[in-house]
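As a starting point, one isolated chain is supplied in structure tokens, in the form predicted alone.
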């Protein structure tokens, strides 16, 4: 059965203004599983107008924090009640394994909604005080207004909630654009939001290609902020388009995470961590470990064990509980990975595992976990974001060399360092130019801790109370307490002291 979806704009489920649609495929079977409206510029404008009208009316922003909090709590409960259905749909649409979608993504989504439901009631500025000695200053945090969220295809609902939860908790209205490849779970989420009591126009979901509707979302003067998770080149375009009305821009972009293994590291733990961090979600993750730098004294032993563990990864149907790695999201994405693998071979790296399509899987966009050794710093596979299951391994002789190589990319999103001496590990962590540094772990995120990049991995934070700084603006209100007609400082403008 092919499910037919509509967009959610202004509290109504609508077709595209052009009446055109597009097919959504299951990357494991290549079969069409859904039909979705092909949104137009007019549809994007309608969604923005609905969000603008609703925000200006105060139907959401004027609710008390407790009222907004209660609705978000209800929404979290509805997601929890429908978690199995949503996780299955996410696996079918993205290709990630059911155990990953059900036991990792969905619990985090629910927790994030609950975290911001609670945090909504603690949103505050500084306490009032008499800083000037003549009057009282009050610092307020207020919602920005209409927020546009542009969501990637690798975590369609997971990352959308990162944006929606703090934005809605703070009192903003939201327009979300999912990736054309993976719009389904976000549309299902909008159904639950409506049931939970989110007022019409507060949450709007518009589907379609970014090159058609993205410009309207980024350039509209009725949009106050745009939050993008995507690749760095798209982030640069968004910044340019958003400059027209100087709307706030929040970007979480590409990554090329280093994974440093010191000579005293637990090799079994480090190889276990590297296999997981490199190949989760088929390597389609901006925080995935893509560059392993391992001390030369343990290099060969590390690689041997790493390859042995990678060989045990079970590739296949993502809905099978035993499957460890599903397909890539599309045929185009697989072709991109194949280009990088050829590049690595041509530039002289050693392909020690994988590098091809599994021979036993004729349907679906599957690709084997791939490991290169002998990777030099300037090779494309070491410098560019591949966004697939390709791991580079290089040796180093000194800590300074490892840190220099780790920092020698344009990205700065996530990294990790592995070893036994916590003093050394913290010193190295302090030198790594990344928004997140994990020690003896790679990939842990929580609702309470911030996530965001340095350098060309973007700016601003998702998750945690820090994200409220992205989705609010600070207002200073000053109240004179002197009651005087002529204030003491007026003489500096006219008259005598």
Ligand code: NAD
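Residue numbers count along the first chain shown, from 1. Quick caveat: nothing in here was measured; it's all calculated off a predicted structure.
Same protein, other form: the form predicted together with the ligand, not shown, and the subject of what follows.
A.B. asks: Have a look at 199, 210, 374, 358 for me and say which one sits with a heavy atom within 4.5 Å of the ligand in the predicted bound form.
C.D. replies: Of the listed residues, the single hit is 210.
A.B. asks: Taking the ligand in the predicted bound form as the reference, which of 83, 241, 345, 410 has a non-hydrogen atom within 4.5 Å?
C.D. replies: Spelling it out, the residue with a heavy atom inside the cut-off is 241.
A.B. asks: Taking heavy atoms and a 4.5 Å cut-off, does residue 417 contact the ligand in the predicted bound form?
C.D. replies: No, no contact at 4.5 Å.
A.B. asks: Is there a heavy atom of residue 178 no more than 4.5 Å from a heavy atom of the ligand in the predicted bound form?
C.D. replies: Yes - in the predicted bound form, heavy atoms of residue 178 and the ligand come within 4.5 Å of each other.
A.B. asks: Whether residue 234 contacts the ligand in the predicted bound form should be assessed with a 4.5 Å heavy atom distance threshold; does it?
C.D. replies: Because a heavy atom of residue 234 falls inside 4.5 Å of the ligand in the predicted bound form, the answer is yes.
A.B. asks: Would you check, heavy atoms only and a 4.5 Å threshold, whether residue 215 touches the ligand in the predicted bound form?
C.D. replies: Flag for residue 215 set to yes.
A.B. asks: Quick one: find which of 264-272, 112-120, 306-314, 245-253 has residues within 4.5 Å of the ligand in the predicted bound form by heavy atom distance.
C.D. replies: Of the options given, it is 245-253.
A.B. asks: Check each residue of 377-392 against the ligand in the predicted bound form and list those with a heavy atom within 4.5 Å, in sequence order.
C.D. replies: Read in sequence order, the residues that approach the ligand (within 4.5 Å, in the predicted bound form) are 385, 387.
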